[in-house]
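Only one chain is included here, represented as structure tokens and corresponding to the form predicted on its own.
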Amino acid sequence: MKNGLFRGKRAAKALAFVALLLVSALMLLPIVWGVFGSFRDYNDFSLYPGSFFPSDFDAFTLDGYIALFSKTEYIPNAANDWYPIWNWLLNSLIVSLRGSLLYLLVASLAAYAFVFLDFKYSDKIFVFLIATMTIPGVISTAPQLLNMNLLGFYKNLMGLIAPSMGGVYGVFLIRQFFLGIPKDLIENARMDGASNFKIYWKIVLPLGKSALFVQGLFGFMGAWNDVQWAQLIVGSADRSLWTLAYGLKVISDNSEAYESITLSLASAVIAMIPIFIVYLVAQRSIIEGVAHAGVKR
């Protein structure tokens, strides 16, 4: 009977492994196609649109990457179609990094207050904040746009950074992780005369770094991939203010001809690289944070 149970568990693990392998393959196939497609000649696309690799060595090309980084005119019959890719990369990095760091500061301070400070109606306020997550984001677009205009952040990168300081999901995620920190540790620090800020900075943040990495990655990805808000704030007139995601959208909109597909795919590959690097650097902390968030230890 034990042997039968053991074989059943092995079969279940094997099936789970096969299922995960299939799901992973389905998710990776578009990425692989896009990466190799960025090196294919447009004629090769027209002849073999479903192929993953260039049909021969002559079909291999770097035209898409050359066009992005050399400000050359690439799309036929389109006036002034150059792409300041370095500006877009720099703008996206500034917006994503600053926005993520500022949001982590705000969200972690709020989570600390909800977990370690005893104030009136804290539970009711937290429930109210969670309830706001059900409101579609499109409803707040017009008020946010008006606020950015009143603050003088319209046509400015600060208009992309400031709204990222708000948001409830990060507060919820970090709070759930902070709940696992022993309260005795905090009380002992207070008895030794530590202030709330010292406890927050010296004890809580180091213990909660995994949750901060997870939320930081989510915030970075959200800001990096945002298109709609960038289009509303910086507009289409000044290309030097565009983010990479917005520039990629413009390139994709102009990709009706095969001549433009290589350029569009090259842009997508470049947009993926920073996210991939961030994940590689923080992979262990991110996995640990996802595994332990919300688990009381």
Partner chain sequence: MENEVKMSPKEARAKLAETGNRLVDESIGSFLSLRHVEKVYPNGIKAVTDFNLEANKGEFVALLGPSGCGKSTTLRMIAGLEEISSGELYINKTYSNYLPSKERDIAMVFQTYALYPQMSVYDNIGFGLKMRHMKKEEIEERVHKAAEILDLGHLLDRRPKELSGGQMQRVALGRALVRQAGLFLMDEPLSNLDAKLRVQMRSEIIKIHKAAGATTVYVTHDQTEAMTMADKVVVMNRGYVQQIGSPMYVYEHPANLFVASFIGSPSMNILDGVLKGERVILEGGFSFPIGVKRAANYRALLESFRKKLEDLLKDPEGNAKAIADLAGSLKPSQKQEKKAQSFLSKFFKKKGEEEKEPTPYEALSALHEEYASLKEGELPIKVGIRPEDFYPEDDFRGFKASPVFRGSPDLVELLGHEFIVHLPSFGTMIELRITSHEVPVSGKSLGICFDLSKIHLFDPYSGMSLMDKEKENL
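Numbering follows the first chain given and starts at 1. What you see is a predicted model, and the numbers here were worked out from it, not measured in a lab.
Here the subject shifts to the form predicted together with its partner chain, a form of this protein not shown in this document.
K.L.:
Please identify the residue among 217, 189, 93, 85 with any heavy atom within 4.5 Å of its partner chain in the model of the complex.
P.N.:
Spelling it out, the residue with a heavy atom inside the cut-off is 189.
K.L.:
Going by heavy atom distances of 4.5 angstroms or less, which of 173, 97, 104, 203 would be at the interface with its partner chain in the model of the complex?
P.N.:
Residue within 4.5 Å of the partner: 203.
K.L.:
Report yes if any heavy atom of residue 184 sits within 4.5 Å of a heavy atom of its partner chain in the model of the complex; otherwise report no.
P.N.:
Residue 184 belongs to the contact set for its partner chain.
K.L.:
Does residue 194 make contact with its partner chain in the model of the complex, using a 4.5 Å heavy atom cut-off?
P.N.:
Within the cut-off, so yes.
K.L.:
With the cut-off set at 4.5 Å between non-hydrogen atoms, does residue 127 touch its partner chain in the model of the complex?
P.N.:
Flag for residue 127 set to no.
K.L.:
Going by heavy atoms, what in 161-182 lies within 4.5 angstroms of its partner chain in the model of the complex?
P.N.:
Going through 161-182 in order - heavy atoms within 4.5 Å of its partner chain in the model of the complex - there are no hits.
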